[in-house]
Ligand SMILES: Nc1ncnc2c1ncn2[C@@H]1O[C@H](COP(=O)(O)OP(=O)(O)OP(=O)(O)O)[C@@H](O)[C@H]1O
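Here we start with a single chain on its own, the form predicted on its own, put down as structure tokens.
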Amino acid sequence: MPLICVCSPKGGVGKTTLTANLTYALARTGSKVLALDFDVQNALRLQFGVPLADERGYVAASSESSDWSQSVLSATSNIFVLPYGEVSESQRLEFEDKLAHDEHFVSRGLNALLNYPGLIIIADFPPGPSPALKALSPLADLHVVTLLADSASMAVLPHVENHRLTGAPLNQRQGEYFVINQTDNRRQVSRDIAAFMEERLGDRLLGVVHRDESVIEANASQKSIFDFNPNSAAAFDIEIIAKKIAAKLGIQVGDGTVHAMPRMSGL
């Protein structure tokens, strides 16, 4: 069970879209993949065809059950989604209080999923420090930090390097890695900042995703970039990043084994 955390010190970097497309990319190899949303905006589900009116999620259900797998939705035969869900402010505060003060809260909630054979979990987090990121980090196998090739991302890069997201190094297992998203080769400043980050990050850089209008159009269609335009630059970039993640985690993919997921709900 590899657990991958996708995070960023700032918002607006395309982190949720990257999380969704990495989910699709890893699933294309034959693995079963679960996309897990820790952001109160509850937007990750839309990337997998969950209707806007569907308010189901594990956060509200967690007050009644310690097993979050009961809130998992099936998107395809090997892609699953665990939505944050629509919650009241009091429910959000109660959930975050448990994240911050009950050290076993997350491990109990995810126990069935963390122990499911061969399942890859990719978790999306709100930007900046959060109780969820701090609670999940000890369980994570790898962190993927998403940035843009702009001055704002360059300015907050030290926040990650100085452990300001959780107060400690992000990952003690396979490490923390970076993706530079939406680089625009038509703009000199984007090229210069991307080059600077590539030199600074070195082997910690998983890859660069070039700015591609197909990503925006795919989002509007509630499709992955691979379904919408598999020959696009972004699809090529994300596929390479997914393969690097799989290699770093030693993920054995496409073995042809079919298992039933526990207590899944249909869309």
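Computed from a prediction, not measured in an experiment: that's the story for all the values here. All residue numbers are counted from 1 along the displayed sequence.
Below, we refer to the form predicted together with the ligand, which is not included among the displayed structures.
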Among the candidates Ile216, Ala61, Ile240, Leu46, the residue which, in the predicted bound form, approaches the ligand to within 4.5 Å (heavy atoms): Ile216
Of Ser71, Gln182, Ser153, Ser130, which one comes within 4.5 Å of the ligand in the predicted bound form, counting heavy atoms only? Gln182
4.5 angstroms heavy atom contact with the ligand in the predicted bound form for Thr23: no
Would Val209 count as a contact of the ligand in the predicted bound form, using a 4.5 angstroms cut-off between non-hydrogen atoms? yes
Exercise: Ile251 in contact with the ligand in the predicted bound form, heavy atom 4.5 Å: no
Examine Gln41 and determine whether its closest non-hydrogen atom to the ligand in the predicted bound form is within 4.5 angstroms. yes
Would you mind picking out the stretch of 63-71, 199-207, 216-224, 50-58 that comes within 4.5 angstroms of the ligand in the predicted bound form, counting non-hydrogen atoms? 216-224
Can you name the residues of 11-32 that have a non-hydrogen atom within 4.5 angstroms of the ligand in the predicted bound form? Gly11, Gly12, Val13, Gly14, Lys15, Thr16, Thr17
